[in-house]
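Two separate entries follow, structure 1 and structure 2, each one form of the same protein chain as structure tokens.
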Structure 1
Amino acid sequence: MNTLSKVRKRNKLESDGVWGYLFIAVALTTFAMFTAYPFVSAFIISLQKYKPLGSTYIGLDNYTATLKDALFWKSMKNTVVYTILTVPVNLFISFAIAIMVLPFSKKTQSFFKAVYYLPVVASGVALSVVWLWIFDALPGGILNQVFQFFGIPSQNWLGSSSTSMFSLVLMSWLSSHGTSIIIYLAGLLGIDETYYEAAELDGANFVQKVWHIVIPSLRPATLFLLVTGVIGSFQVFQNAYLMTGGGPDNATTMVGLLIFNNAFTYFEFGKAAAQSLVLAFVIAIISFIQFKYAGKNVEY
């Protein structure tokens, strides 16, 4: 290789390196502006009795008040119950729908993908209005009409502490699963056909193929959906805010809604910042446990 070729190769490598650093800089800048800075600001505010003018440093008092706050623990309990009731069922529903859509042609699969993904891009407020109509306490509400058909009296779905949480859970079960279905379908389409052929030669039935081939092959997708689903459920806010406002008697007050109320209703920004960091710590611990125990034998 002559000297000119060596110089050109070195210049190309240096040029590629510059472009690499530029792309990394964009990602780092975005992370610093929208993740690191808000996190550090929340931590600083959590140590203050925050006021727009003249904040006072109070140390860990906001954290102490949070841990002694009965409403915080009730909202945490509500959030855990909501997560336990929604995430596994939503995963199963998405998996089942993906299995049912898989045998269709590519064109039909695309149709079902569009249908199931449509609620994801729809406005959450519009969807909540529809669900408010479904859960209407009057006899004209859709769900009450169904119950009346079977001779069951009308229920105050969102206004009763015994049914309000179930109503939010039911809304989650029957709402958008578009993203999960598409991820599961992509995973199903990536499974080697020879696995099914070998299973059929061995006389495996549909359930055995699902159990021994499909579920193990989709383990990475399931782990991803499980982790993101739990994080999303712990951060749930919109449904509780729009459907019940946290009531009745705080039966549907989630942690996200409690933080919002403390910050923008009672203007206790320091306490809200402390509660948000406690929530972030809880989510980090749960995510770590999920990766440690559910992430075994998963290749990334």
Structure 2
Amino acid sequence: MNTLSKVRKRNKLESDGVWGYLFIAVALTTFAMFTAYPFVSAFIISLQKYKPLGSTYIGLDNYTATLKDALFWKSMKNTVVYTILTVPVNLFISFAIAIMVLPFSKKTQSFFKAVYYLPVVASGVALSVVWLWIFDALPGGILNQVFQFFGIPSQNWLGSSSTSMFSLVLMSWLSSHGTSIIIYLAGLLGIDETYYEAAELDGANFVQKVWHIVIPSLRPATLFLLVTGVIGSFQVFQNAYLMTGGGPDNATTMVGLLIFNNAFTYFEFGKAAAQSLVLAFVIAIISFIQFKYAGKNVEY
């Protein structure tokens, strides 16, 4: 009896197993071919002077060259500056807007959600095209017109190394908060009313309620947005590529753009692979630190 049920159980398990593998077959093949294989391949290519026919093994030369490359460090610095200027500010903007939307009716909330989310839906290329004209260097450019109104002389926004980074940052401030607003608002609506009641009985004012109830409750959302925001920002490519091409004087060359140029402009595949793995390593370390420090006391 005992053996029989064991056999039956095993048969059931095995038939489930076959179905299981069948159901994941395509996903697994896709993953193996287009993620796992390229990932392993990246390591191999990074150790080579890559040529389509017959690459030569050169050990860690690509890595040492990368670490000695002034442009690599400059692009790293640009990426860090961009991240510091955009991610926290975008989080703050999203948080503030989510809180400000809260007292209104569901209908009004939906209206603002839709408006703020619209740039996320628009294609990045389309937005770049528009922003290029907003930043137009002529006095007739929209941003220059706005600044003239405040008595600030016309700037060559994207063409001058002192303003090009700020231009990319400004673009991010005004178009990258749609997703986080919605996540924050979902978090805010999920906070139990009884917390506020208890706080009010203790005489807490608005600021105290935000500080002691809202911020702690939104910590998991903040951590999620912070980690994904930083990861995304370190991989930024499209805006720099389309808006400034990395210029002027490499003032907006981000690591993502540098890797792209090395690979697909200069066909230095080995160097590009090594740099992409350094980037992956840096991202992994930063994510780890964020989880370790910002993740304290977060319950999942």
Partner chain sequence: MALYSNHTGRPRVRFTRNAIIFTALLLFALATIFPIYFMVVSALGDPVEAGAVSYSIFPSKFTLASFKFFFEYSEYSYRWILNSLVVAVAVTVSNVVFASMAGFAFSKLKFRGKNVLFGILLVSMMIPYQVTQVPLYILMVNIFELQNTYRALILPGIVTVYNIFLAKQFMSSIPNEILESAKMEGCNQFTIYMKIILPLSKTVLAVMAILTFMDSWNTFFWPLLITNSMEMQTIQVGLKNFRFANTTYIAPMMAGAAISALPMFILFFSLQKYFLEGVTVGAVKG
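For the two forms, the rigid core is made up of the largest set of C-alpha atoms that agree within 1.5 Å on superposition. From a predicted model like this one, the values you see are computed outputs, not experimental measurements. Reference numbering: structure 1, starting with residue 1.
- Structures 1 and 2, same chain in two forms; the form predicted together with its partner chain is found in structure 2.
- Superposition of the core reveals a Cα shift of 2 Å or more for L22 between structures 1 and 2.
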